[in-house]
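Next up: the same protein chain in two forms, each one alone, written as structure tokens (structure 1, then structure 2).
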Structure 1
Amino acid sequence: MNMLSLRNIGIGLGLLFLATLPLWMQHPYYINTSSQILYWAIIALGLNVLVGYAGLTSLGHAGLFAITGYTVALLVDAGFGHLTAAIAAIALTLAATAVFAVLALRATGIGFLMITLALGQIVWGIAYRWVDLTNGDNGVNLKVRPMPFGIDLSSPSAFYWATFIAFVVALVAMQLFVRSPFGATVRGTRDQPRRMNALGFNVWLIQFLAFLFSGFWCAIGGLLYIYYNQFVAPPVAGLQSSAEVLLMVISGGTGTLLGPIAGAAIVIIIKNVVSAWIERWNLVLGLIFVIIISFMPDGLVPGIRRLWRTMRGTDAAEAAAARASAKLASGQTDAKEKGGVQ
């Protein structure tokens, strides 16, 4: 069985595990924690489009999904329906993403990072200071969750399955993006921007569209965030939120589909489960991050793949050596038998 078949089987079993999780995990707390992992994984997958495939590290994506959360909460509070609020929130987030992209793509490397950081802090400042609109530190409450197709999402299981469907759609969209010609051109702008420009590709436009694609999935994650928590406040747009999402992507493995998911699981489990037992859970998270980067610089998922290939290579070499030894021993035995016959 080749590596691709094993990978497909593993992905299928993983999706089956997630799809049936509320059926065998009865405790609502852990179902809710699983919902958090899934919507943060969507946000991390969105950021990974920039960090992993476009080579652009952003520290302002928390501002984007915070815009989605605030828009939904404010519009629903003003009397608009959930569908109208969600569509308006996605549209406004994409408009903000376009502004972010136009300003940030004027630079690369550390310059791009600092511009996105500044833009994210501007969103945080607006959420914190524009009290008449955002209610400042008190935040904005969302009183009820939507009922798509008449399905009540107030229960942990129902909301989990809705989040799981969105997660699967995001995963399929990312897979199509990676395998598409556009995904190849995005990776080309990451590896050889000057050569891509010389070949006639508009590098800026490609990166701009990648930024929009990233922002769209951050908006989807932001929708799930606000419907899960039913509350949004300025810390959502803060630097810590952006850093946590970036940590998910880097620790899991940039430029991979499974890496941001694994990173989201690590961060959310430590925040929600380990923190109940260890007061200084931030220290544990930092130590895990240092260990991963020290022993698996490419991230957890690429590191495990490399370790698996090494083990398979070692096993194959040992098997080949064993076969060679057996063949040699057999040859020597045959030679002795022939000598004895003579």
Structure 2
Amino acid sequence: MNMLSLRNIGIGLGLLFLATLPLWMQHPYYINTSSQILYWAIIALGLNVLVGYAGLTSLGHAGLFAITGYTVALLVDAGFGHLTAAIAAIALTLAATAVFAVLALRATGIGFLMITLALGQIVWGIAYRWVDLTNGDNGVNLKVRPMPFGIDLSSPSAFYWATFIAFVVALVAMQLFVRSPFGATVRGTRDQPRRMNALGFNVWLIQFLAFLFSGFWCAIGGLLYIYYNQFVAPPVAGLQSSAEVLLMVISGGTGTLLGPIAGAAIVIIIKNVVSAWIERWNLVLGLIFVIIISFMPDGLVPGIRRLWRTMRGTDAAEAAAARASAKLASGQTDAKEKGGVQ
């Protein structure tokens, strides 16, 4: 219980820190970097619904938020209002998500990953090759940011606060999702799909809905992406872009609420710092991937939580108990798997 309230105080302080950030962090560069971290965090939270809670690793999510970005930029360019463009972009992204989901859910595990990768590459291919529609390699500009309720978002701090509000909404939605019966069924399909099926749950439908939920937050993140950058080009939709978001989720810790946010901060900060000094961001990205996967496979947030527990020292015993029960649980799983095979 103590642990829980400590966590809540920590989250409260963190949000207070983020809410007041432009007031004491004057330099626009830092405020803009913080905006980037927050909208990437929204996308990473969306992907985490699939990777962390549903156990389905997607490498095609960049295709989804790129669709949002392109739709907004192209519709505004064609003379539509910002509100229409945003609604159409979200609707189109959700439709694309549904198509992705129907195809990718034909498989699980590695097959799922391969299909999402291929689908993401289709979106990239359209962005790159369908020059008449997407302007190809030159990308599409968005001339002005929207002015919701007449508020001008052109200054870094105004945009930061708008992003922050969207971020808080996303965070609350994730918390509600994790706590909800729906969240529990999603985790259920991840851990025990056969049992869930036997209990009368429609595993396919649950995974499909989780995919849509994930796609929705990608769309929201994609809106902020296009408003922030005011430019979208084919690399946004590519495999590397998907891999960066996946790295955010994995480095922070999959299936945790705060992991993707920490991961987004780490990846964006390293990317900005590295890009300022050398051109070799890809090399660094690849190295981080290899190092994290080889040495810290469960990500930073679970790692730090473990460290925290050990440092508080209360629970050498508790940890041992947890290990024992984990072992017992995995033993049961083994027994069940064997039972399933026979």
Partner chain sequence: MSSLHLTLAVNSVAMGGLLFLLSSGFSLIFGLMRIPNLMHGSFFMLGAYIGFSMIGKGMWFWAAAIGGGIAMALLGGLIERLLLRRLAGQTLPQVLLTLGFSFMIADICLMIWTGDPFQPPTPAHLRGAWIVGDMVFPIYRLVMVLVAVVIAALLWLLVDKTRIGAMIRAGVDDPEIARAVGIKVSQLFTLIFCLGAGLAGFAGVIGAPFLSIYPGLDAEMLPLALIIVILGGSGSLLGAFVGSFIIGFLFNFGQAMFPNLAYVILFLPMVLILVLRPQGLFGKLGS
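Treat the numbers as computed from the prediction; the structure is a model and nothing was measured. For residue numbers, the reference is structure 1: its sequence is counted from 1. Rigid core: the largest C-alpha set superposing within 1.5 Å between the two forms.
Note on provenance: structure 1 matches the form predicted alone. S275 shows a C-alpha shift of 2 Å or greater between structure 1 and structure 2 [criterion: core-superposed Cα displacement of 2 Å]. Comparing the forms between structure 1 and structure 2, the C-alpha position of I31 differs by less than 2 angstroms, with the core used for superposition.
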